[in-house]
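Below, in structure tokens: the form predicted on its own, a single chain.
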């Protein structure tokens, strides 16, 4: 992989603390493998609590000077980082595919998507201003001032190893907060490459830090530190709940983008071709390993068979293979456990009455590859109705009327994303307002973009990323009361 990079210096087997590339005090390392082959592609330091404390100290030291810079200065720095990311799309995509497995074209798409957050928040940082409030007396003024919250932590997942970093770090940096990134130990190299580009862009030492290694010791030190004032996490609800408990003692600000169980509803007045094309995007992107992918596909009786046939045709054309192989549309799952979960969900569904309606070809023998499938006659009693499959499985549930569809869609503890398809304007507003989700999509399978808030309700988390709301997560409001003015 390194030999194929235009800039081999982007592949870093070291952590980044206080502007230095380090191996950590213990010298321990973790191996990172290629999910398509299981071959080790390199190692990274397995950092401990002392290393984490060093990063916290470095970030706190950078806080004062970084917040003192003008918004324009910080914006210009982000703009340089943005330009460097776009200049190195090919190398970043190759690194991502090697450690995460997604097809190369999809990896390139994620890098470009990740860059949009840097650009967006470079601009939003210039507009992060306060406002005035009318006082109760004629000689009083109240100013609401916006100030950076302080040292901020971003704990990111393996499924989008670039976009989840920029979506968290760009608003923090634009607001004046130094950041400490803890990427997944399964996909650290994309984070380290982004840190190298930030270093090249000229970010001051300590402003951006990347900690590699197992999460327990690092996470424990980050959540316990009173210096860390903000923690943003994307991952499972189980881990998010644990982090919330650990952050409680120091009363940190938190944002949590957690699990999902997204419904996708196809009504009888939908454009079936649009619904199928959008379902393919929502369900099978990243081999189904996304928190907002359609986990339950609810189809009205009268169009069920037509939708199933067209979806089956599209799924049968998908090609399973290594991400760097031309023509691959479904790459490997991240590890053997993920593949085993997919198989368990399929087996459970078939044992409870589902039918295997269609399948993409899978000639791969390595155990991390799973063929994309369409299952018909899915039912609420099946595991895939209540658990995230996180794989390329499309289960089709039947419903008869609108009220039933809404009840089925909301019958989950999660509320991240919901999708539905209709050509009826009245139904569109009725359904959108009743679906219990932080994000609702009508006639599209795409909801993640830099200018829109991203986040969920119920057990899917709290806080928002992206859009105007994204930078507010890193800003405190201070009320400045001025009384006794001689006017």
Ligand code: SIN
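Positions refer to the first chain, counted from 1. In this text the structure is predicted, and so the values were computed from the model without any measurement.
Missing here is the form predicted together with succinic acid (SIN); even so, the following discussion is about that form.
- Picking from 301-309, 81-89, 274-282, 287-295 the stretch near succinic acid (SIN) in the model of the complex, with a 4.5 Å limit on heavy atoms, gives 287-295.
- When succinic acid (SIN) is considered in the model of the complex, only one residue from 234, 225, 207, 412 comes within 4.5 Å through any heavy atom, namely 234.
- Residue in contact with succinic acid (SIN) in the model of the complex (any heavy atom within 4.5 Å), chosen from 184, 159, 389, 255: 159.
- With a 4.5 Å cutoff on heavy atoms, residue 167 counts as touching succinic acid (SIN) in the model of the complex.
- Taking the partner from the other structure, succinic acid (SIN) in the model of the complex has no heavy atom within 4.5 Å of any heavy atom of residue 63.
- Taking the partner from elsewhere, residue 113 is found to have a heavy atom lying within 4.5 Å of succinic acid (SIN) in the model of the complex.
- For the chain shown alone, residue 462 is not a contact residue for succinic acid (SIN) in the model of the complex, no non-hydrogen atom being within 4.5 angstroms.
- Contacts to succinic acid (SIN) in the model of the complex (heavy atom within 4.5 Å) from stretch 428-455: 448, 454.
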